[in-house]
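This document starts with one chain, in the form predicted alone, laid out as structure tokens.
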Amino acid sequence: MEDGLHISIAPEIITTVFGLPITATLITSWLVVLLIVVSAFFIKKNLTVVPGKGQVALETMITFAYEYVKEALGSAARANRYFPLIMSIFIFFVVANLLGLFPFMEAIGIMRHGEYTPLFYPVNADLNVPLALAIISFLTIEISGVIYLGFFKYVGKFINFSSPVAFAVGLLEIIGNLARLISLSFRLFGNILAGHLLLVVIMFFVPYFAPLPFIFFEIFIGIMQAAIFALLTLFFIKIAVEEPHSAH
């Protein structure tokens, strides 16, 4: 059935450049970054000394987020260092998740080998993107622990020969740290992919107004998942830079 519903859980490869695949996810990621950069440019250009309601609302949200990060990390110096990363992760995922709900995600495409290929694909419905950001977060967390505590003290959180119990706890900490990659990436990937597939099925069988409640629900889920990813990164950084319990 050529007119039947076709569901793919992987983005199509549009072309290759020097042997590297250019997928619909990559194109969508570029679009997300472009939207963020252009928006930031116009927001900065329109900032005024006497702010309007929109600027006040934006400044209030950013200030609230900054103060929250500062309170969580315990100092302004740490907040200044990590707030740009935390906020960038949140903004990227929010824009990517909301963009993935637009109808043109499936409507704009090209014909390749007699088959229709969408040019866009929800960014976080491709495991590669959440996993890449999870790796960045993971490396930031571990490097932060080394920077603030020193290599040997930080490693001492995980490798402790003072007693069998301490050694076992250290091994569990190592496993828990590695599990963060799975926790961060698969939670986001699973929720966004499930929502994407749900909307595709609903729009195919019951188009027009029926999908609207589900779209609003997915907007909520998209924002929440972005916040969860950013907050987990924040709290893991907080844990990494704290002194070992044995040091108190």
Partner chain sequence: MEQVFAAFGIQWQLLLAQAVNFTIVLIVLTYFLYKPILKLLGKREEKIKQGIKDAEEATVARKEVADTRADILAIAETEAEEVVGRAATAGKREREAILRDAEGRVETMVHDAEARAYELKRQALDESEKEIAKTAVLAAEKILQESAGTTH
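Residue numbers count along the first chain shown, from 1. Just so you know, these numbers come straight off a predicted model, no measurement behind them.
Only in words, not in the display: the form predicted in complex with the partner chain, which the text now covers.
Chemist: If we define contact as a non-hydrogen atom of the residue within 4.5 angstroms of the partner, is residue 191 a contact of the partner chain in the model of the complex?
Modeler: Because no heavy atom of residue 191 falls inside 4.5 Å of the partner chain in the model of the complex, the answer is no.
Chemist: Heavy atom to heavy atom, is residue 72 within 4.5 Å of the partner chain in the model of the complex?
Modeler: Result no; residue 72 lies far from the partner chain in the model of the complex.
Chemist: Can residue 66 be called a contact residue for the partner chain in the model of the complex at 4.5 Å between heavy atoms?
Modeler: So residue 66 counts as contacting the partner chain.
Chemist: Closest heavy atom of residue 13 to the partner chain in the model of the complex, within 4.5 Å or not?
Modeler: Taking the distances in the model of the complex, the answer for residue 13 is yes, it comes within 4.5 Å of the partner chain.
Chemist: The partner chain isn't shown here, but in the model of the complex, which of 108-116, 126-134, 150-158, 170-178 has heavy atoms within 4.5 Å of it?
Modeler: Stretch with heavy atoms near the partner: 126-134.
Chemist: Taking 198, 215 and 228 together, does each of them reach the partner chain in the model of the complex with some heavy atom inside 4.5 Å?
Modeler: The answer is no; none of 198, 215 and 228 reaches the partner chain.
Chemist: Could you tell me which one of 85, 99, 166, 146 places a heavy atom within 4.5 Å of the partner chain in the model of the complex?
Modeler: Exactly one residue meets the criterion: 85.
Chemist: Out of 44-64, which residues reach within 4.5 Å of the partner chain in the model of the complex, heavy atoms considered?
Modeler: Counting only heavy atoms within 4.5 Å of the partner chain in the model of the complex, the contacting residues of 44-64 are 44, 47, 48, 49, 51, 55, 58, 59, 62, 63.
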